[in-house]
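Coming up is one lone chain in structure tokens, specifically the form predicted alone.
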């Protein structure tokens, strides 16, 4: 493991204030691995775990112990810094019991300064919803859900390899309403054999469900997935673009603000944890395969934990699960910042670039003005944001900020 420090001469580089700090917690198990998923998720091995899709209680306890030890191991990196939000992602965190979540959150509160109004999000899949369990999650302090619906169409769900059906999706939403006043619905479009009308029907159903936030993702055939090896018949680029336009218009008409590439929220219901990512804030990452970005006055580092759950547990038992730790170089910082900030529909205040990178605006102003001349960005003296063309061709826009 190698750590590379940036130059410490304040005249050359340095942060005058550290950014907000969030906490990401990864739960690596699912009942079944979906054919489109490239996240660090692993199907439960039935037999030792039973045949009902429940995580073995001993393994669950061991993993929570490892998460607590993992957090303790990185406390010296963030002494005294408050934590503004927590996101429990996966995998399927809702496979874990309410008792485990309560124990984990109590341990977090005992070790870091968690802000009283911190947003605490749990990812959940409809196939893992149980009314008693989710009441327990709320009692433990979880105050936001992100539910992996993907579609309300049974045929599309089957094509995506999901373990739930339309009825289970609606039951999950009903239970969410009982215990949470803030929840996101994850949907996908450009699905196998999907029509424009079918894509909009999913959006209309999500709007009618009363969610405060909708994430609408274009299905992509990612490397190292079953769909990449055996591609299904999906809508062509023109139809997928029509779906995107129609989805954005339908959600806007329903009062949702399109504030990030794939994220739509009712007023004041944006995902605060994700906004911290996109504004180049800091985050601790604990759990198998979790990533972290941590700033210091003289450097910014990234960490990655061991991905395989067994490796992670073994390494954590030996004293530490960080597989790699490296500094973001001065040359990389502008692109790293833009990679996040230009996903935001409203862009960013120009002074945020210096605040979060420690670099003068002169490092990127030429590239910003070039992108403005190309119709990809627009700016005034205080603010810059992507144009509609820039949002449509985001990769092209980001290429302008790649290091030489």
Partner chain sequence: MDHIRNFSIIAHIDHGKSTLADRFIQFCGGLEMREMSEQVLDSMDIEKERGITIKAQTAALQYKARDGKVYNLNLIDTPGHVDFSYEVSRSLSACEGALLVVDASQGVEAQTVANCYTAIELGVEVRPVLNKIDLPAAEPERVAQEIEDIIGIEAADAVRASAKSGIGIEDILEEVISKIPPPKGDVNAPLKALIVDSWFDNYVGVVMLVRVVDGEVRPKEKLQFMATKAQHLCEQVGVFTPKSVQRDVLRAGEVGFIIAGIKELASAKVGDTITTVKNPAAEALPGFKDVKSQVFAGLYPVESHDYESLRDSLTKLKLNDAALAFEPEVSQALGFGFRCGFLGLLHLEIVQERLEREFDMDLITTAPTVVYELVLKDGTVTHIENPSKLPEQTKFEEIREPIITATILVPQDYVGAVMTLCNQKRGAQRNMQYMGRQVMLTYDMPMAEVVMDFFDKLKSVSRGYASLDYEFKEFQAADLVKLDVLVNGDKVDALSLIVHRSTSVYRGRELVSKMRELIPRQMYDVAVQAAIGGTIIARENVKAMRKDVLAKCYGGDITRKKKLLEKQKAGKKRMKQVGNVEIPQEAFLAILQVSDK
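None of these values were measured; they are calculated from a predicted model. Positions refer to the first chain, counted from 1.
One more form of this protein, predicted in complex with its partner chain, exists but is not displayed; see below.
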Does residue 67 reach its partner chain in the predicted bound form, with heavy atoms at most 4.5 Å apart? no
Taking heavy atoms only, is residue 391 within 4.5 angstroms of its partner chain in the predicted bound form? yes
Distance check, residue 344 to its partner chain in the predicted bound form, heavy atom within 4.5 Å: no
Non-hydrogen atom contact residue 274 with its partner chain in the predicted bound form at 4.5 angstroms: yes
Only one of 34, 59, 339, 31 gets a heavy atom within 4.5 Å of its partner chain in the predicted bound form. Which one? 339
Contact with its partner chain in the predicted bound form, heavy atom within 4.5 Å, among 182, 261, 270, 323 goes to 261
Candidate stretches 232-240, 202-210, 128-136, 111-119 - the one whose heavy atoms come within 4.5 Å of its partner chain in the predicted bound form: 232-240
Check, residue by residue, if 302, 374 and 402 all come within 4.5 Å of its partner chain in the predicted bound form, counting heavy atoms only. yes
Residues of stretch 211-247 in contact with its partner chain in the predicted bound form (4.5 Å, non-hydrogen atom): 217, 218, 220, 222, 237, 238, 241, 242, 244, 245
